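Shown here is one chain on its own, the form predicted on its own, set out as structure tokens.
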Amino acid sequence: MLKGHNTFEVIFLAGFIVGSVIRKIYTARCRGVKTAKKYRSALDIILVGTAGVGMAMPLLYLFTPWLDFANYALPAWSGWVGTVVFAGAIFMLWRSHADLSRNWSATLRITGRHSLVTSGVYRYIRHPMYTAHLLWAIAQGLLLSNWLAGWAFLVLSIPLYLIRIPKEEQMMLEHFGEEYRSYMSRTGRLIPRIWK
């Protein structure tokens, strides 16, 4: 049972459920897609797992008293800003999955019919799914007044992004060559490029 009656904790839980459903739907849609080449390593598995712990830690906080020792007070404005940021994260998560369609994979891999997606949110950002997760991590800290549950996802996901994004871009360069290099020159990594 969810402890307490904090509005922002309920908002977080609702967003967590919506985000999880989005991921489940697109994971199911991509089942059976043949892999042409895998780029997964033991380090990648560890980093994804560590970030996943940070993403799931709020459930421990929301449903048990185990993390209450790390509670602190947040101003009310923080929760409202967190709500807006979380809504943006959920939108970006959905849109990036929808735009990628069957090209999406939770692991670093090239599928048998992989195509370079440069439309939708990918027209502006090369890694909008990572942007969505970073927004989620920031929102989590703004919505949950607990040092561990609130900020764990942000802290634990940074090493993943610092290591995985360059590997993913190298994978795309190897597969798509000059087409991807040109795409890189006109898009931002995690936020839209303001200057050309």
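Here the structure is a predicted model, which means the values were calculated and not measured. Residue numbers run from 1 along the displayed sequence.
Here the subject shifts to the form predicted together with a small molecule, a form of this protein not shown in this document.
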- Query: Do all of Thr107, Val117 and Pro128 end up near the small molecule in the predicted bound form, with near meaning a heavy atom within 4.5 Å?
  - Reply: yes
- Item | Touches the small molecule in the predicted bound form: Tyr183 (any heavy atom, 4.5 Å) | yes
- Item | 4.5 Å heavy atom contact, Ile11 to the small molecule in the predicted bound form | no
- Task: Check whether Trp94 has any heavy atom within 4.5 Å of a heavy atom of the small molecule in the predicted bound form, and answer yes or no.
- Result: no
- Could you confirm whether Asn103 comes within 4.5 Å of the small molecule in the predicted bound form, counting heavy atoms only? yes
- Task: Identify, from the list Leu59, Ala70, Val53, Met171, the residue with a heavy atom within 4.5 Å of the small molecule in the predicted bound form.
- Result: Met171
- Note on the structure: With a 4.5 Å heavy atom cut-off to the small molecule in the predicted bound form, the contacting stretch among 128 to 136, 143 to 151, 59 to 67, 45 to 53 is 128 to 136
